[in-house]
Ligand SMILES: Cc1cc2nc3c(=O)[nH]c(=O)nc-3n(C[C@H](O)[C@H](O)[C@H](O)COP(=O)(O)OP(=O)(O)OC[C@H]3O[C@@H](n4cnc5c(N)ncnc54)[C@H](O)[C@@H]3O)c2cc1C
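Okay, here we've got a single chain as structure tokens, the form predicted on its own, with questions on binding and movement later.
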Amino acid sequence: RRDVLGALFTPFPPVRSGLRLAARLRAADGLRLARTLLLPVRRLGEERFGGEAARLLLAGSALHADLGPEAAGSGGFGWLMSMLGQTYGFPVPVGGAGALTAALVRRLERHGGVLRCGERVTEVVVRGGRAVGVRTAKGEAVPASRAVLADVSAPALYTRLVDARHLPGRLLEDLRRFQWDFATFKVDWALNGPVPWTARPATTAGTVHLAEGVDGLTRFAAQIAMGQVPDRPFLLFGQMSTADATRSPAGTEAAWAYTHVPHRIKGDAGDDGLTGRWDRGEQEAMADRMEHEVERWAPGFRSRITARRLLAPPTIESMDANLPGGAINGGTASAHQQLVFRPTPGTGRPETPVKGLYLASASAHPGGGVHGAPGANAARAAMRRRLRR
């Protein structure tokens, strides 16, 4: 497991972990592992498991990204997510997800770093082919003595922050084919009691997948591919107080769920006539659709709602410009935009064509997730470059 994770989460080429993995696997076994990782998750489940439960776990895990059951590589993604959960669990920060950010900020400040929020960067300043700092919307120049690590989407970095004259024409052409992951619609709920799941094991789970089997996931992904808002949305449902009691007062629950919709909506597979305007009426209708789906698995859920907050795709984008339409993965996780193809065909490394500038966001290998690997890879690359000088 360690060598597989090292090969996937470190900069390309993963020499050390790759050599260790090759030493442990004979050539034939290595080919079989590669085949397993490339399988669609439906096929992987059919080959490895006789029951529906394990197949659904793998397929639901793959759709934490934007990989439907028939997508190449979805089997590897579902296997990886399930393996991480079984081996390490899914840690929950006490006090909310912001506690993780606060811990990272404290560590930065202990080492002399300074965090400045609410200041938009409008330009990466390049001189002599090297990034020497950034310029803010207020016109302030912030110098960089070592490197600039850009935790922004690849399209934002290369089409808005770096002047085109500093970039190869082929890179800009490749970016025209950059593919975002699915758009996202999220609802937060305040409940006056725990979720009344009919399946008792779900009462203690931090995250619950809601879908009508693997076929339901295929139908969901197919509707998105056709530009339709799904009529039976697949939900990733969170109830974090199962692991962190501070999230909600005793006897209550703070829950959330998100689902995916197309970026460009051509029609509504449901009966509400959703068009993608995402005005208040459409937001309310989509939230109701999600709640009806929860109600199927937890009768009485809606009667326990005391308040809800709706985060439609444009709302999510307004909160973070790096998430256009609520694309939370920094770009599709499909095989054609992973590894050496992320964010465009190249080396799969965080270095950019501009010396001293590194792509540190989820648009870089290995992509989105609460693992920090793109930023860690960029920081390591910048430090190694500094040490070699």
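Note that the structure is a prediction, hence the values are computed from the model and not measured. Sequential numbering from 1, following the sequence displayed.
The discussion below concerns the form predicted together with the named molecule, not included here.
Judged by heavy atoms within 4.5 Å of the named molecule in the model of the complex, the contact stretch among the candidates 66 to 74, 35 to 43, 51 to 59, 355 to 363 is 355 to 363. This chain is drawn without the named molecule; in the model of the complex, the residue among Glu119, Asp288, Asp271, Asp163 with a heavy atom within 4.5 Å of it is Glu119. The named molecule is not shown here, and in the model of the complex it never comes within 4.5 Å of any heavy atom of Ala333. When the named molecule is considered in the model of the complex, Val152 lines it closely, a heavy atom lying within 4.5 Å. Interface residue remark: Pro11 is not counted as part of the site for the named molecule in the model of the complex, having no heavy atom within 4.5 Å. Taking the partner from elsewhere, Val340 is found to have every heavy atom lying beyond 4.5 Å of the named molecule in the model of the complex.
Residues are counted as partner-facing when one of their heavy atoms sits within 4.5 Å of the named molecule in the model of the complex; in 349 to 371 these are Ser361, Ala362, Gly368, Gly369, Val370, in sequence order.
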